[in-house]
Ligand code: COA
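Shown next as structure tokens: one chain only, the form predicted alone.
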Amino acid sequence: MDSTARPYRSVLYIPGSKERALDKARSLPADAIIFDLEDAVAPDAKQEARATLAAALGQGGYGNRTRIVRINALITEWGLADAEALRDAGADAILLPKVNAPSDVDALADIVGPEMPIWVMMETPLAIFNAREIAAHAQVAGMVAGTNDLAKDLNCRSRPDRLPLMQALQTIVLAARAVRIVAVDGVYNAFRDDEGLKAECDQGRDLGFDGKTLIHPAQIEVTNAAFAPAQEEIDLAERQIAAYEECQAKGEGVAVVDGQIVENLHVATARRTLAKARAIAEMEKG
């Protein structure tokens, strides 16, 4: 699956138990929604949340947003029932937490069937060690960095530059890019800190993530802007392609734009930039 096929700039967690939040999500400008049955739902509300979410998905109205359901881990008492109840509810993918190895994905695939795309939470040290094999699983379509859980398990300090998490984050991106699936960065916990959010979004984009998971609708605008091509990037991409095509027509293999060499690999990047801009425009139009 090519992660440039549609945008995943903003991936918003919504509690699967709250009807009001489920309804509000229908009008939010997020590219994707993770309907959460795990962390956002108390143990005594799990069964009711399952039914509430299934009804909301059946009602529809989420437009062209990607609908992802995060179930509870299959090792819990709720995971199996979550998977069985939601596999035919209208989700575009099922997100599995606490994945450590491809065998965990196999266990979910046996329940939801071979056609359901599976996303995985990359939130344990073992998952990072096994990232390449997990990403290569035939049914895995996306990887989500679980940075809070990773930080807890690593016993590392929280820093604005996320240096203690850098190896894990880069490993997730490498694994996802090796097989051309989606890679989404972890959450930014200070949801009222737009400046800090933008800095972390810029870092995630620089690392190669497609977008970022969010804990509050107020974070969507900043995130969408950060992970979209800026106008100057679009303009440069268009000029690079035009210059390269002109050189090709003359039988030359290398062009020069703004004093820098433009080869076919730069043109491939430029075409991806324009494809992403078009996909975002289509998303926002729809």
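Quick caveat: nothing in here was measured; it's all calculated off a predicted structure. Numbering starts at 1 and follows the sequence shown.
Just so it is clear, the following notes concern the form predicted together with this ligand, a form of the same protein that is not shown.
- Proximity of Ala83, Ala93 and Val105 to this ligand in the predicted bound form is absent: no residue of the three has a non-hydrogen atom within 4.5 angstroms.
- Taking a 4.5 Å heavy atom cutoff to this ligand in the predicted bound form, the contact residue among Ala40, Ala243, Ala226, Leu57 is Ala40.
- Only one of the listed residues (Arg180, Arg132, Arg159, His216) places a non-hydrogen atom within 4.5 angstroms of this ligand in the predicted bound form, and that residue is His216.
- In the predicted bound form, at least one heavy atom of Asp36 sits within 4.5 Å of a heavy atom of this ligand.
- Contact annotation: Arg271 falls outside 4.5 Å of this ligand in the predicted bound form, judged by heavy atom distances.
- Interface residue remark: Lys24 is counted as part of the site for this ligand in the predicted bound form, having a heavy atom within 4.5 Å.
- Put simply, Arg50 is far from this ligand in the predicted bound form: not one heavy atom of it is within 4.5 Å.
- For this ligand in the predicted bound form, the listed stretch (28 to 36, 235 to 243, 254 to 262, 57 to 65) containing residues with heavy atoms inside 4.5 Å is 28 to 36.
- Of all the residues from 11 to 41, those having a non-hydrogen atom no more than 4.5 Å from this ligand in the predicted bound form are Leu12, Tyr13, Ile14, Pro15, Lys18, Arg20, Ala21, Lys24, Leu28, Asp36, Ala40.
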